[in-house]
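Take a look at this single chain in structure tokens; it is the form predicted alone.
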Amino acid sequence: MTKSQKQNLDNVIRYTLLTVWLLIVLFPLFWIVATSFKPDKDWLAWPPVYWSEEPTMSNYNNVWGGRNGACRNAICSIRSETIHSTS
């Protein structure tokens, strides 16, 4: 095996391992994003549902909207901190 062939083989092995490692590292991020669009019934389904056939934005609406949503809580917190810091 020549030096250039050995170097090419080393590069193939290196990039293969890096690609596998990248997939392992990125899978949890994919799972978080995919689950955020799943309806409740798909969260703990067995076998796992990797991508829902019925994506929904209701999870985001439940968190950010409504009477006790995060947006309302953030506004109340900002208002409270502004009042207390100026008095």
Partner chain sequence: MARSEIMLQRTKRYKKMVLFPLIASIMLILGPALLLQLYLSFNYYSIYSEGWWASEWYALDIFSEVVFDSRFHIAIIRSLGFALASTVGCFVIGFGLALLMYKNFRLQWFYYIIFIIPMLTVPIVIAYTAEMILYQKGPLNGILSSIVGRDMLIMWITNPDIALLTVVLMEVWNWAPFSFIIMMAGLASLPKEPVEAAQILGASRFKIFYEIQLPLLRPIIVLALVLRFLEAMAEFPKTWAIFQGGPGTATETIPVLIYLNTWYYFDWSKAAAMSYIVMMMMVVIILTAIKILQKENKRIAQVQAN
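Positions refer to the first chain, counted from 1. Quick caveat: nothing in here was measured; it's all calculated off a predicted structure.
Beyond the structure shown, there is the form predicted in complex with the partner chain, which is absent from this document and is the topic of what follows.
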query: Does at least one non-hydrogen atom of residue 39 fall within 4.5 angstroms of the partner chain in the predicted complex?
result: no
query: Is residue 57 close to the partner chain in the predicted complex, meaning a heavy atom pair under 4.5 Å apart or at it?
result: no
- prompt: Is residue 76 one of the residues lying within 4.5 Å of the partner chain in the predicted complex, judged by heavy atom distances?
  reply: no
message: I'd like to know if residue 51 sits close to the partner chain in the predicted complex, meaning any non-hydrogen atom pair within 4.5 angstroms.
response: no
- line: Looking in the predicted complex, the residues of 9 to 25 with a heavy atom no more than 4.5 Å from the partner chain, listed in order, are 10, 14, 15, 17, 18, 19, 21, 22, 24, 25
